[in-house]
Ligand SMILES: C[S@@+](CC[C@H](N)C(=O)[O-])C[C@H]1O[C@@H](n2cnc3c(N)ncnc32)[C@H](O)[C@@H]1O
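Okay, here we've got a single chain as structure tokens, the form predicted alone, with questions on binding and movement later.
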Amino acid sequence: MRDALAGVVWDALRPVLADRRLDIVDAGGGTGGFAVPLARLGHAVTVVDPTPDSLAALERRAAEAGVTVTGIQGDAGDLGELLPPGSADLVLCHSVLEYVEDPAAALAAAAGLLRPGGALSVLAANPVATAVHRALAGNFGEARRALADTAGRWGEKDPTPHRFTPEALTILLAKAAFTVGEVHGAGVFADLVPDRLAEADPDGLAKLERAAAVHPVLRDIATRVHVLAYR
């Protein structure tokens, strides 16, 4: 099911990646799920991640793929201190804004890394989908709280500090002086259908996710919101 979600993001990134070698920073890139394939395409990729174990796994994964990926230990909010300004053509910020203390500061740091015309790829959890999932589990009060809470949290035990609707994410990006481009939903059906059905027809599920990603209604209830924004 993760492949179906990732496919939506790769489709959105493809036009940005075309025709030239890019300097790419993957903030919170972990073990290299995006970084290593990007390096295999010929791009220069740097992963910034706070976890030493993830960076060690990234190094092994890159070596197995026969590519070089630079790993730097640090937080997304400290990008400006870790890398030179104006040194990137593309910054990935996938499943990061949910966990940083100050999402606006993290976006400002990402903006500082980008050259003029550079792109930012943001993937973030959606509170509407969280409400749907909590309701399907019979937790109706938690579903209601996820919809009402400004951070999209369903309660004190919720492990995710922030979630963002498409509207909230685009407003946050605009405040960081980004021009918002395409908005997609990633994971409309993949987290809802039973595993046995998803595993029986993964290609069909991937095609359905691609169609739902741009549907004007379904997009807004996806598990994650994906936005491409530009400097």
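These figures come from a predicted structure and were not determined experimentally. All residue numbers are counted from 1 along the displayed sequence.
There is another form of this protein, the form predicted in complex with the named molecule, and it is not shown here; the text below is about that form.
In the model of the complex, the one of Val96, Ala129, Ala88, Leu107 near the named molecule [non-hydrogen atom within 4.5 angstroms]
Contact check passes for Val96.
Interface residue in the model of the complex among Ala76, Leu120, Ala146, Leu113, criterion: non-hydrogen atom within 4.5 angstroms of the named molecule
Spelling it out, the residue with a heavy atom inside the cut-off is Ala76.
Handout entry: the named molecule in the model of the complex: contacting segment from 200-208, 185-193, 172-180, 43-51, heavy atom within 4.5 Å
Key = It is 43-51 that comes within 4.5 Å of the partner.
Does Gly30 reach the named molecule in the model of the complex if we count a contact as any heavy atom within 4.5 Å?
Result yes; Gly30 sits at the interface with the named molecule in the model of the complex.
Q) Could you tell me if Phe34 has a non-hydrogen atom within 4.5 Å of the named molecule in the model of the complex? A) Contact check for Phe34: yes, within 4.5 Å of the named molecule in the model of the complex.
(Q) Under a 4.5 Å heavy atom criterion, is Val100 part of the interface with the named molecule in the model of the complex? (A) Close contact exists here: in the model of the complex, Val100 approaches the named molecule to within 4.5 Å, heavy atoms only.
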